[in-house]
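Shown here is one chain on its own, the form predicted alone, set out as structure tokens.
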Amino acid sequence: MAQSFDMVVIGSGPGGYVCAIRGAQLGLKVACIEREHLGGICLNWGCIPTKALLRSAEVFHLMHRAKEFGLSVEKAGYDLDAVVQRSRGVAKQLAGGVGHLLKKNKVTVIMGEATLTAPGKISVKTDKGTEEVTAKNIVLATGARARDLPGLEADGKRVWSYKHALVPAHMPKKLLVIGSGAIGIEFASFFNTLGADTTVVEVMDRVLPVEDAEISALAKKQFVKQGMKIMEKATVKSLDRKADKVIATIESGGKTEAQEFDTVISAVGIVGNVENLGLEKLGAKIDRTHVVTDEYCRTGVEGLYAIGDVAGAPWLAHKASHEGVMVAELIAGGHPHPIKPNSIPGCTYCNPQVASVGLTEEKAKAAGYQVKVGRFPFIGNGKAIALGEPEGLVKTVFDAKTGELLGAHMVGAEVTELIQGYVVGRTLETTEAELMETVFPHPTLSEMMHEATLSAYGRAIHF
């Protein structure tokens, strides 16, 4: 006999497990189906292990700067296997924590591959056979995977996806990274810091193309200073794979040239995991590998929702989690607010870090706003100088008519932690007046957030 639930969540990533837990907290009988790893890609092969790797690279970078701080380090080196082992250990610890949380909240976990056979009905292939499950509400949280472009497919030997790069078979000596979004530039930053001769190829006109142009330019300046080669408006046309090298044909500025690398990382986007779920049979609409939903993550099929990466951009773990909470509350009879895409922060953990929320200056002007733009450089901040991190910028974009904070953009040390202050401001619908009246502690990097607001109105004190 089929098990019956109020809500079944397919996928246990940061969208799925959070949705399941919130549903259970609200009194729903909940099951979570996972085909591979509790915690999904984020905890096992994404956000968390990459940050562990990048932390090792950051410490290694600081070891080489020891003399600046009056310290001495002899023969600074690294053990790549140990760096990777630490990263995997962090991922394993947190994935285990997800299992504990699901159990604590009395969520039934079913390990297997799910297929929707009819409205409210799911067939799950498990190690023990096929299990039938019924549910009043089904939430798709199946996530996404790396996109493979024809001819650029990862093979795990000399051409890597993000998964291969997390458990590298060798340390690259000469590395090509295709794509300069968050995933590409983070791996470029990691391996470049450890000594790889790194080239980044980006098809758009700048690295980190979703960021504010001014921030992208400043980040690029630092990447180049660190020894990276950045090729913009460039395309990798083909990869000729040999046993110990890859010859990449790169088109740039109307010219085509062949360059030799020993390792290539392909980071050219993601595709949603929509296959073999039975979605077409139920009538769910799929657009370019993503399930089409409304602002409440409803698919248009009664009782069927989609959250997180499988439901489209922005492809961020925290967006998935909030969608999961919203859907659980909706199913439980609540009246949650829909997620506002322009108030979801984005963070990239390269060196220097990049973080943003809301509209870029360019997009704000294109949307018809008259804007006031504030800027404050790290060199004007006492804490930044004390940390030895004087390179960076905090930028604000305000509506000149209403004072609304339209966007905030940062590059520099710890900006992925700073951005949340502006995110809270946007959620509270703050204007420049409230930010100006807020007292920021001294000495902190956060003071730059105050100064960048003052700057937009010609009132900056320290610059």
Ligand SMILES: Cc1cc2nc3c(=O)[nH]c(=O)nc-3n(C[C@H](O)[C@H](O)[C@H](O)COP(=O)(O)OP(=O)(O)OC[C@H]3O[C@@H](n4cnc5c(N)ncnc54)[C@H](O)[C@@H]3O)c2cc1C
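All residue numbers are counted from 1 along the displayed sequence. Being a predicted model, the structure only gives us computed values, none of them experimental.
A second form of this protein, the form predicted together with the ligand, is not displayed here; the remarks below concern that form.
For the marked spot (214, 361 and 451), a heavy atom within 4.5 Å of the ligand in the predicted bound form is absent from each of the three residues. When the ligand is considered in the predicted bound form, residue 187 lines it closely, a heavy atom lying within 4.5 Å.
For the chain shown alone, residue 29 is not a contact residue for the ligand in the predicted bound form, no non-hydrogen atom being within 4.5 angstroms. When contacts are judged by a 4.5 Å heavy atom cut-off, residue 320 counts as touching the ligand in the predicted bound form.
The shortest heavy atom separation between residue 332 and the ligand in the predicted bound form exceeds 4.5 Å. Contact with the ligand in the predicted bound form, defined as any heavy atom within 4.5 Å, is confined among 82 to 90, 250 to 258, 139 to 147, 228 to 236 to 139 to 147. The partner is absent here; in the predicted bound form, the one residue of 407, 46, 425, 412 having a heavy atom within 4.5 Å of the ligand is 46. Between the ligand and the residues 36, 417, 429, 68, the one pair within 4.5 Å by heavy atoms in the predicted bound form involves 36.
Using a 4.5 Å cut-off on any heavy atom, none of the residues of 365 to 383 reaches the ligand in the predicted bound form.
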